[in-house]
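Single chain ahead, by itself, as structure tokens, in the form predicted on its own.
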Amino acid sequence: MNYDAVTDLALSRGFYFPSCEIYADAQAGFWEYGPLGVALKNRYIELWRRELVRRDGMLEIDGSQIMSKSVFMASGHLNSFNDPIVRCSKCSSVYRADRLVGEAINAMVPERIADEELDALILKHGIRCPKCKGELSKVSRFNMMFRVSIGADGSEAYLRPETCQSIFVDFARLFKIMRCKLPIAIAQVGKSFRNEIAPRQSLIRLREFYQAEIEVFCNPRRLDDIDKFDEVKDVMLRIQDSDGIHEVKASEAVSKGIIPNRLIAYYLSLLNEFYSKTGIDMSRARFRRLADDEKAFYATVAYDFEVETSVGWLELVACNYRSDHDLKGHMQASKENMEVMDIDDSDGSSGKVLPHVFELSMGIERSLYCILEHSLYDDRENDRLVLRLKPYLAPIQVGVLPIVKKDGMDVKAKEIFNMLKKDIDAFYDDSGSIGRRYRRLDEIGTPYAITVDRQTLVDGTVTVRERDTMEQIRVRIDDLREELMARLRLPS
């Protein structure tokens, strides 16, 4: 399915919708989750915790969304976290310059292209304001940080543009109190804020959004010393670099130099296995190694996990080897020592090490959008729209439906609903024809429908209908809860 179909479904069924939409001055780039969207997001995050955080024994924290100016001076965000912009001399519209040029010449423009090169491309191709055809200004820089003032004296602070900085400033304390050894991964999920110049396409580009970030602190001399690598050595990875697409096992990717070391290969493999359980079509996914002019200012090696959609390839996870950029910056600015004890020399002796960092920075909204687009199916043969979500991700897992609202069938259906709702996200619906009710459940991804009919009153059985195949079986009410729990359980 395409972007428009997903958006129509999201708006009509309350997965997500624009913030403050009843007001004319509502700003772009802010969207809100409805009940179905909240449930889907929470199930996705729980899958992330299960498949990454708990599996790997990571630590999880919950840091502040507002942080001091000093944090972002040390991290480099106040100087380097910016986008190139141009302004129309006639209507004063502002555009992100690299995207405007890329759309005009139908080519990807590198993220770290110089302003002078953008100016030259605008002049060469005669690019003008898309709205009024006015002349564009020279390229300038716009910092995407949201500044806030704290207290009566208006002390300067900022909304975090990524969740990871609190992980970095907390690292020394966490390493000590949790008695850590390198490598150690620290995770966080929460909101980040970026003052995007041109937010668009609902969840795809936002100013306020959720991130799930993992920072792996490691000894740069021991990047191949990963005890758990055998767990993932046979995971198949699709990697695109300057030589093309490689479909290789994780172990081969390292031995052939496609991935530089086992630590990076291990965490890319964990990420690959996680997304394979989300319902995203992994044949339309890849790890793309970024060229030097595409990488973030703090990255020395970078891969984007990308998924193909109707609006092009979307970056869902930025996988960056940040070296010691962050800890060194915070150590120098704060005067706090970020070094830790680890095996430092080839002879196995211990010494002080300033850890390097490899990160997996995941955009949750983009991931949810891809899950919805890859799962939405137009079943024309049966005249229905089906959201084929994995059962363990479905916002509503079971619909309970009396065939009619009389002869005690509705009473029995409510009893079953009340029995199930403590353990399973269930929904009771007795409005409209049974076919229409099935279609409504199919459209929001509910994997199972329980139908109470006349036979139920005779022998204590109900019909369990499966969403994708529409097959039905009879199940005893006494066995129903266990039957559903087994079907909804996440496979190991």
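From 1 onward, residues are counted along the sequence shown. Please read these numbers as outputs of a predicted model, since none were measured by experiment. For clarity, a rigid core is taken as the largest C-alpha set superposing within 1.5 Å between two forms.
Keep in mind that the form predicted together with the RNA is not shown, yet the notes after this line are about it.
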Give a yes or no on whether each residue among R96, E196 and S433 has a heavy atom within 4.5 Å of the RNA in the model of the complex. yes
The single option of D115, D410, D83, E208 touching the RNA in the model of the complex, heavy atom within 4.5 Å: D83
Answer with one of K328, R173, K406, R221: the residue that has a non-hydrogen atom within 4.5 Å of the RNA in the model of the complex. K406
Would you please decide whether T451 lies within 4.5 angstroms of the RNA in the model of the complex, comparing each non-hydrogen atom pair? yes
Does the RNA come within 4.5 Å of any heavy atom of N42 in the model of the complex? no
Report whether the minimum heavy atom distance between W31 and the RNA in the model of the complex is within 4.5 Å. yes
Contact of D383 with the RNA in the model of the complex (heavy atom, 4.5 Å): yes
Of the candidate stretches 388-396, 368-376, 225-233, 291-299, the one with residues having heavy atoms within 4.5 Å of the RNA in the model of the complex is 291-299
For 132-162: residues with a non-hydrogen atom within 4.5 angstroms of the RNA in the model of the complex? M144, P161, E162
Taking the rigid core as reference, does C132 move its C-alpha 2 Å or further between this form and the one not shown? yes
Residue pair S19, K131 - Cα distance in the model of the complex, closer or farther (3 Å or more): farther
